[in-house]
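Next comes just one chain, in structure tokens: the form predicted alone.
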């Protein structure tokens, strides 16, 4: 897919010719993209195509081998960790499994970013802030629970509350509905929509969940082998002529994979039993 020349000021986040290699393996191959402010951009693609690596580059948790990353027109991938601190305050990051600290209460998890960046002097104001953020995700009253006492969906909601505690302009979500039942996953989808609507945040979401994609996305970008192969709204993606895009969004195995699975000679004449491996 031919990518137009993108300028640093074309979006709140911009990547230009972004390339990432691990040894000989090219994970991101000269990607250029401008992410529009106050919209939800969803990144899809098969496992190993570079989605999460791309997400980490937006907040400079990873640095490119080549190319640049811009936030509001300012290049950030070449900044020092110290210089990145005020930039990262503008971001909230929801990790795939929530990444809550098991030894901390919900309250302590949520204020963790606050304590990292600020010296807290007004604890009454902090209490109110935590209550407000928990109320936004429908979890007020859970301040003194530990993550182990919460369901998977509740932990995801707490992780979102922590991600918004610093009032970020941008929220990055890595597989926010993974491991959740369909109803709980839809609660997370509704939360993503609510935060965009009420807080006017810019959202970038990595997911495999096509039902979620169609519900939350203003724009869908598909990566394949480190490159962008499709980019547009839901209608554009659903009618895209690329066979790889259609196989992915429909969840259909390709002919090559089917042939490999159907190969004859995979049943061995000798069948082992569990007792064959027991100590004698």
Partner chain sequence: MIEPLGARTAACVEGFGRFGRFAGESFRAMGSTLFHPRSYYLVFYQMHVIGVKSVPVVMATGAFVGMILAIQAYGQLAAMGLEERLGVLINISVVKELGPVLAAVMLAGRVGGALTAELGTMNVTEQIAAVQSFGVSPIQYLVAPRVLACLLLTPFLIIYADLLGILGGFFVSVKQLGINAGAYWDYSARGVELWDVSTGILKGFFFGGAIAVISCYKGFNCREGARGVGEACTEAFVGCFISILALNYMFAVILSAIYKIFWPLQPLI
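Rigid core: the largest C-alpha set superposing within 1.5 Å between the two forms. Everything numeric in this text was worked out from a predicted model, so none of it was measured. Numbering follows the first chain given and starts at 1.
The following text describes the form predicted together with the partner chain, which does not appear among the structures shown.
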* **The single option of 135, 193, 99, 199 touching the partner chain in the model of the complex, heavy atom within 4.5 Å** => 99
* Just one of 72, 89, 208, 131 has a heavy atom within 4.5 Å of the partner chain in the model of the complex. Which one? -> 89
* **Interface stretch in the model of the complex with the partner chain - options 229-237, 53-61, 26-34, 245-253, non-hydrogen atom within 4.5 Å** => 53-61
* Asked: Is residue 144 close to the partner chain in the model of the complex, meaning a heavy atom pair under 4.5 Å apart or at it?
  -> no
* Asked: According to a 4.5 angstroms non-hydrogen atom cut-off, is residue 81 in contact with the partner chain in the model of the complex?
  -> yes
* To do: Give a yes/no on whether residue 178 approaches the partner chain to within 4.5 Å in the model of the complex, heavy atoms considered.
  => no
* Any non-hydrogen atom of residue 116 within 4.5 angstroms of the partner chain in the model of the complex -> yes
* To do: Align both forms on the core first, then report whether residue 155 has a C-alpha shift of 2 Å or more between the shown form and the other one.
  => yes
* Examine residue 146 after superposing the rigid core and state whether its CA is displaced by 2 Å or more between the shown form and the other one. => yes
